[in-house]
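First comes one chain, alone, set out as structure tokens in the form predicted alone.
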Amino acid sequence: MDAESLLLSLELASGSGQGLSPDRRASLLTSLMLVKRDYRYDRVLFWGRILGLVADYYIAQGLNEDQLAPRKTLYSLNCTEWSLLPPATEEMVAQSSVVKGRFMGDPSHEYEHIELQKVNEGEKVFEEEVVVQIKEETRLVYIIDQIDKAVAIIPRGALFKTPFGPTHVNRTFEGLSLSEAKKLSSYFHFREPVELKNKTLLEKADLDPSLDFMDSLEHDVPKGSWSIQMERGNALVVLRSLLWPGLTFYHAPRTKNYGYIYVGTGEKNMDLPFML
């Protein structure tokens, strides 16, 4: 959700229990504006909160003029002081994917994981148990990256792609119609496309290259991983992810108000295919 309309956005998403205390709201509103100024971002999004056993991580993301350029991610434990996280690397993904369970809420906390590594001694090769230390900050980077790739979404038309490549905010976007807002095909993954590249020319024939340049939610696997509901007398559409419980997207049809927020433990629902 955009930091400039934070109070309205939190109000629209509050039906999912995503509210914050008045103190936290005030701190966020002020500190995120300072983040935007100091880091010279084009936009700042309040991404959400990852719940820890000792403390919670508040997450924000900075966007440059090209909206699909890699986003800069920051975290805070008090909604006032923000620390920049490094981008996710393949090494981070490999390390952190083995860590399970709740976050502690301490960036310096280290998880221990035992790995079997091959050791050569002359002509003999044997396996040795090695204890690998994984920092919670590294795991935080990995989880945010996974959630972004899987369930960060925007409505169709909110962004447009120029013929020269960069993607910008569509200033003429006035919201989806009520009938469009009820369809999963009206929502896209807020990232570079993956499935779109595999479509045939015939499948792309009816697509508008300036608007339909991202992957649609309608073909997400497993099918049924999104819950879509109309609330407040059809004045608000709410999408919730069943794959990453805690992710809520909202859009008020025929208005520019839309956004998403994640409030959860950072744990993926691995049992979802068996629940559908």
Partner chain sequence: MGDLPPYPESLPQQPPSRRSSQASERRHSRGQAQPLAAGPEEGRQMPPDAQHNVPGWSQRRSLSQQESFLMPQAFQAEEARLGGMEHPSMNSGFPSELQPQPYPEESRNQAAQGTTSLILQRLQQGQGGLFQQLDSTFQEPPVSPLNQFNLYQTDQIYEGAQHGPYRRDDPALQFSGSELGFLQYSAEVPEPEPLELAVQNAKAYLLQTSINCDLSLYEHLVNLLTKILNQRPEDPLSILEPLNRTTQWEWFHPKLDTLRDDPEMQPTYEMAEKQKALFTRGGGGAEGEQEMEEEVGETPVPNIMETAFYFEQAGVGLSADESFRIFLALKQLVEQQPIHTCRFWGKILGINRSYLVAEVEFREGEEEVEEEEVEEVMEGAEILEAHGEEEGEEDEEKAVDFIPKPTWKPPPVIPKEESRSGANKYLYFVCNEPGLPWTRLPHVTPAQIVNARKIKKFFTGYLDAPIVSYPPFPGNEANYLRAQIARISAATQISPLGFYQFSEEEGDEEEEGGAGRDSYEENPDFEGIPVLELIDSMANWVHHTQHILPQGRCTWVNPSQKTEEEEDLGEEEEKADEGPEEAEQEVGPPLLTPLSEDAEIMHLSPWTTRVSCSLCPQYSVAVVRSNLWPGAFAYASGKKFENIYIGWGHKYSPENFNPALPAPIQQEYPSGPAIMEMSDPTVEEEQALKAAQEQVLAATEEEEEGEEEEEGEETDD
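Because the structure is a prediction, the values reported are computed rather than measured. Residue numbers count along the first chain shown, from 1.
Here the subject shifts to the form predicted in complex with its partner chain, a form of this protein not shown in this document.
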Taking 4.5 angstroms as the cut-off for heavy atoms, does residue 20 touch its partner chain in the predicted bound form? yes
So, residue 49 and its partner chain: in the predicted bound form, are they within 4.5 Å at any heavy atom pair? yes
With the partner left out here, check for me: in the predicted bound form, does some heavy atom of residue 210 sit within 4.5 Å of its partner chain? yes
Residue 102 near its partner chain in the predicted bound form, any heavy atom under 4.5 Å? yes
Based on heavy atom distances of 4.5 Å or less, which listed stretch (143-151, 178-186, 87-95, 107-115) is in contact with its partner chain in the predicted bound form? 178-186
For its partner chain, considered in the predicted bound form: do all three of 54, 172 and 231 come within 4.5 Å of it, counting heavy atoms only? yes
If you apply a 4.5 angstroms heavy atom cut-off, which residues in 260-276 are near its partner chain in the predicted bound form? 267, 269, 270, 271, 272, 274, 275, 276
